[in-house]
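Single chain ahead, by itself, as structure tokens, in the form predicted alone.
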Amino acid sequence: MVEEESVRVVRCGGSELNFRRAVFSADSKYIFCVSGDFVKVYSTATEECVHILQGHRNLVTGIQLNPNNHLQLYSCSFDGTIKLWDYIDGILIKTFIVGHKLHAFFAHAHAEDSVFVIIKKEKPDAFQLVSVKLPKSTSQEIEAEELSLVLDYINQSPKCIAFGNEGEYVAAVRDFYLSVYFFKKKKTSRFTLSSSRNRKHAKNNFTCVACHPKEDCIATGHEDGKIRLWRNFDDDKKYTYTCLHWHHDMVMDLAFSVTGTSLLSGGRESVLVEWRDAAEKNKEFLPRLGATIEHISVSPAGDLFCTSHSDNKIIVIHRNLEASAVIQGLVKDSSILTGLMIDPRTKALVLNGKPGHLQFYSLQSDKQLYNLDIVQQEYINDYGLIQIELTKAAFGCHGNWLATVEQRQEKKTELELQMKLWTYSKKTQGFILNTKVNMPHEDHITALCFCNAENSENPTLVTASRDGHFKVWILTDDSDIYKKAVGWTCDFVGSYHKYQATNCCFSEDGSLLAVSFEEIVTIWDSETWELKCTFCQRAGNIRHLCFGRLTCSKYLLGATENGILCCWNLLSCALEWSAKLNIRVMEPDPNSENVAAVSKSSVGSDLFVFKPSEPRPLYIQKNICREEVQWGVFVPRDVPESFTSEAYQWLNRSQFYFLTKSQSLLTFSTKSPEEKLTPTSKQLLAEESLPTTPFYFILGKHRQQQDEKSNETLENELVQLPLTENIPAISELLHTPAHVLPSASFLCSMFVSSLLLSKETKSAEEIPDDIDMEEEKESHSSGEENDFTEKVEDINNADLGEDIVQQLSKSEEKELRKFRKIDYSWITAL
């Protein structure tokens, strides 16, 4: 049973992994990245998330290894605290309360008990780099109020701050200025580039900075794609710089290798450039990384690099410029036009991903499964170019069909519209294009839906458009003499007084189709496509439309733009009830009668859960988030919850996810993100302990139980192995990736050894019946009296658990004596 107080709104995923530079562990086994309010720890070998460091109450803005202890990690946040973590165990060690909103974090070994953070001044767009003294104390929460100014009027981005030559100086860039502060001299040097408006110097702005680890050299990136290497900057007059130029657009980030022999740069070209020995001719490339490079990081060991990209992914790269791992988060598209959908097959969240793609995202592992290329055209990254947009998508027939709509429009009269229908192939385990329809409507398509009724014989798709029509598409036989094939064709076109069609949906049994035409809702018979009735409240255009389910299937819900929620009774063809709610999202639960509606208020968004049969809500939660909720979806649970309270029973069968305007994915949950990690993921931090595997949970416990019971079991009882179908560890083993498990030779020997029966528990029934005839003759020649005496002694020595010794017959005595002479020591060698 789950307590009511444990239900809360949590960030379940979708946070930006590319918000700040990723950080490697000292041994390059793990990589840390900021993810909203958390810090995630990933394995560089398996791409698995092994820990989620949670404790900050606001956005995490900086992370860095403790320079004095490489098993610890610092993090800072907008909540005004600096936290020190033991990332191996995921334990919070200390919290330093600074009291200011922290925008970035820096630490190096030569700064005694001090770290550096970026804070905001009272003036707008004015930031300072300050040093924070971290006091030593045994308490877990410590106030760190001793701040000292280092640099003023700097950029808030950590890419514009770099410490060089073992912390002797710090360089900061902003606009057209490069500032260098020397800690020993306590002097600041400032260098300025030309900011004239002529074409030659129009894009001299600094974008990033990096310092050589061993030499007095500063590398700066610029908006015009140039890289400048500054030397002799300790003298304001004798400084020099050289230029490296390959990028055609701004340089997004720079990073020196550990030895300083190479300089890495990246930008919008999606190409990682390695400048060796800081020479124009000696450069290597790693192209086609998929998206703009936002950040570049280098491991302390120097064997790995990593790049953070604008499509919310991190690529781990070997020193020889070969990609070895990809950690893909939820792709943040500029606009989510398709809404949130659930793939019936994989239970993955489906929505807009990369331009022209649908992304399939695992909610359980907070990881992208794969991308489906819908547009199937090369994306040209050019600002101002009008791209083809994926605007609508819908699943049908239990995931067997997928419909997508893409469009491109440069002028009002130049609309390019295309609808594609994809079929799921069991052979390729993916979707294959089946039918392509050019210009299915004369204007923008506003909605599309499949008839997903279980008794539906022929798949049916309905599209609604601003051209005033809705069209019914059915699957037909398209076979010829060469091959068997099926295709989609238009079966019916409907309209209502030339009003624009805005929404459409099927009833649960598929017998009725509801299509909204601006303020009017029309009901159609799906067999004959006859208009049955209309509903009109004159409360504004219909924004959302859905049928009730199960016992509430006789109701139809409609939300208008003027903030009115209406519920119509289909049996009486009358308005059942109405409420004043400015609904932005309305989603029915596929597993119950419940409907979730999210309304916009002055302070944020509110959630209402209700049944169409009664206007009284089952559950209300005000201010679930401060921003507007754009999309929502119910996800069926694999294992139902056990809420007993009526207010929380709507969460038993399904879980409600919603996406905010800033594209944060939130949900109502009873578990923290750390608890959602699979046991397999957590065991990656203990890779050296090979018995800590799913096999250990099966065989280790079995061996312990067998040893405990060996002294209690009777000699004539068989050892019964546990039923494997009831052991959760076996299901865990079957779902564990092969690369996570130990070698097969190790598992096989351990598995076979555990199944062998010990000598003490052997029964007479297990002994083989093949007997040597010579031994049988010898047994007859021996005296009966001696045989009987030996047999009684053997029986008395055995632990039979009884006080009375049973007397055996002569034939039984002879058989037991023969078994004693057989050597079974070969079994122990297995």
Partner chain sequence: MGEFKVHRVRFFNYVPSGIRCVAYNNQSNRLAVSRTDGTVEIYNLSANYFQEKFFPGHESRATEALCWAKGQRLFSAGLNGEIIEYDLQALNIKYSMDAFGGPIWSMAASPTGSQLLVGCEDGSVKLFQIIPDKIQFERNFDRQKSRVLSLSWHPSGTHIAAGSIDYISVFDVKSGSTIHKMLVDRQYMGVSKRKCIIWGVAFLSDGTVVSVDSAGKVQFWDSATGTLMKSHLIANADVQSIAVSDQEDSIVVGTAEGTVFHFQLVSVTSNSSEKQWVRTKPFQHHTHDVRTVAHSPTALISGGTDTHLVIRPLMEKVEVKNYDAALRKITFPHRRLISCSKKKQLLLFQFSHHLDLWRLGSTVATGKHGDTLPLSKDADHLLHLKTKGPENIICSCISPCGSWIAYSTASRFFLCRLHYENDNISLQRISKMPAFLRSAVQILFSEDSTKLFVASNQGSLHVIRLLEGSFKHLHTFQAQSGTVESMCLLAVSPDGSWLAASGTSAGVHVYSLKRLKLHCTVPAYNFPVTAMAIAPNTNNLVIAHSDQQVFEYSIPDKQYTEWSRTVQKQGFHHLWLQRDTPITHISFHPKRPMHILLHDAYMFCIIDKSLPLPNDKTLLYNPLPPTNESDVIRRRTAHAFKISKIYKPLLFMDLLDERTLVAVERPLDDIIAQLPPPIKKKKFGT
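Being a predicted model, the structure only gives us computed values, none of them experimental. Residue numbers count along the first chain shown, from 1.
There is also a form predicted together with its partner chain; it is not shown, and the following applies to it.
Asker: Could you work out which of K411, K237, K427, K136 is the residue within 4.5 angstroms of its partner chain in the model of the complex, going by heavy atoms?
Answerer: Contact check passes for K237.
Asker: Could you work out which of D303, E519, E641, D216 is the residue within 4.5 angstroms of its partner chain in the model of the complex, going by heavy atoms?
Answerer: When its partner chain is considered in the model of the complex, the option within 4.5 Å is D216.
Asker: Which of 240-248, 337-345, 90-98, 127-135 has heavy atoms within 4.5 Å of its partner chain in the model of the complex?
Answerer: Contact criterion met by 240-248 only.
Asker: Does its partner chain come within 4.5 Å of any heavy atom of Q140 in the model of the complex?
Answerer: Taking the distances in the model of the complex, the answer for Q140 is no, it never comes within 4.5 Å of its partner chain.
Asker: When the contact criterion is heavy atoms within 4.5 Å, does E223 count as touching its partner chain in the model of the complex?
Answerer: No.
Asker: Is K483 close enough to its partner chain in the model of the complex to count, meaning some heavy atom within 4.5 Å?
Answerer: Result no; K483 lies far from its partner chain in the model of the complex.
Asker: Just to confirm, R319 within 4.5 Å of its partner chain in the model of the complex by heavy atoms?
Answerer: No, R319 sits far enough from its partner chain in the model of the complex that none of its heavy atoms falls within 4.5 Å.
Asker: Residue by residue through 264-290, which ones have a non-hydrogen atom no more than 4.5 angstroms from its partner chain in the model of the complex?
Answerer: Result: E280, K281.
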